[in-house]
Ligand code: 0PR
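In structure tokens, the next block holds one chain alone, the form predicted alone.
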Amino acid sequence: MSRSSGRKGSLAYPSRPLSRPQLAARLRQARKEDWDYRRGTIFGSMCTQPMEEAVRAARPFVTANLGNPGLCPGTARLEEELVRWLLELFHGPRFGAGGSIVTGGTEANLTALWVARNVSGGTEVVLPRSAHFSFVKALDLLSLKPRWIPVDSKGRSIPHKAARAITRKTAAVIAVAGSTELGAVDPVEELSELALEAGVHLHVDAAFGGFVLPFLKEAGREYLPFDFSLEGVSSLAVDPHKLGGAPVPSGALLFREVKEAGSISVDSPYLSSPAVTALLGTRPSANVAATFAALARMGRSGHIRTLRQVLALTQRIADEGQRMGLELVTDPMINIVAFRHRNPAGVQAEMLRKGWDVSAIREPGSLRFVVMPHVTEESVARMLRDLRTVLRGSPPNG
């Protein structure tokens, strides 16, 4: 939430309309202060520069409101087609499955737990320590109790710990497919078997890994099962605005049995649909058109090409960092690499002074690099040169 800062240059509410040149100048200045993905200096973000076709596709749809789908049937059909594409990508069943385009992982994760709670009547959620902070918000909002379980040395959920945490009060079990800190992928296959045996909802947070994992085999890596091909997976979240080429915000929430979403239905008597089964009332539609455009233009071949690029650069950073004396927290599973360091925040600050955005992780203390499509071979080379210089003044262990 923003607050009044009193910064120089801030404006009182205009008593008269700003002229077009005044407005343009104000917006240019604000954008100039922002980081720009196209410079290749951002290594700490899980978002990236969207496809230009996707940005252009959004503008004609800014007035459409999918919360009132009767007024935008064309956009509603785009969403239906998008959901079908995603269900195919994630091996959803032909009948009974469904979902919707949302604003991102936070909305998807919250809604999935809302549905799981209402269907099961449970009051607890089993989740690994690697789970995204959106789950903390969701648990608070839904008055659900967390049953936290530890992760292994590679940052993955430990299935036998999850098994011990499941009780008759369990509303859902959470699996992470591409964790925020390390890009770790939980053993979803084992968690799926647990969920089936216990009869509980298994939600997979693939917000980051969703557009990586389906293409690993084609990129020359081992495929990691994580989606509806596993019978115990009940719902799945994915963010096209990460590696799907779509602009922010774009997420998707998919259900094996979409009828379960009826548990959160509320009457909407003054709209064109009799009931709403979504968190939002007014639902943005520009993100639907933009995401449709991005995925249509990418296709499977585009995803594979992008993945090969980012994985190659991820491996280069991993190799060069080790040559500098840095220790990997774990071999990178996808396009995130982290190195142990006694003072990651200090290195982060020094890199920032040199114009680089990198992340510092508190537990375990480490430097984190996210390699997204805006990162190039040239920007990696420049970043590594500056990192080597910074490490001379702040060695990993001494």
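Bear in mind that the values here come from a model prediction, so they are computed numbers and not experimental data. Heads up: residue numbers just count along the shown sequence, starting at 1.
Absent from the display: the form predicted together with the named molecule. The rest refers to it.
- Residue in contact with the named molecule in the predicted bound form (any heavy atom within 4.5 Å), chosen from Leu66, Val347, Met46, Ala58: Met46.
- Site annotation in the predicted bound form: the residue of Ser285, Ser157, Ser192, Asn109 reaching within 4.5 Å of the named molecule with a heavy atom is Asn109.
- Heavy atoms within 4.5 Å of the named molecule in the predicted bound form are found in exactly one of 178-186, 302-310, 257-265, 211-219, that being 178-186.
- Heavy atoms of Leu326 never reach within 4.5 Å of the named molecule in the predicted bound form, leaving it off the interface.
- Although the partner is absent from this view, Phe133 contacts the named molecule in the predicted bound form, with a non-hydrogen atom inside 4.5 angstroms.
- In the predicted bound form, at least one heavy atom of Gly104 sits within 4.5 Å of a heavy atom of the named molecule.
- Under a 4.5 angstroms non-hydrogen atom cutoff, the named molecule in the predicted bound form has Ala207 among its neighbouring residues.
- Of all the residues from 239-262, those having a non-hydrogen atom no more than 4.5 Å from the named molecule in the predicted bound form are Asp239, His241, Lys242.
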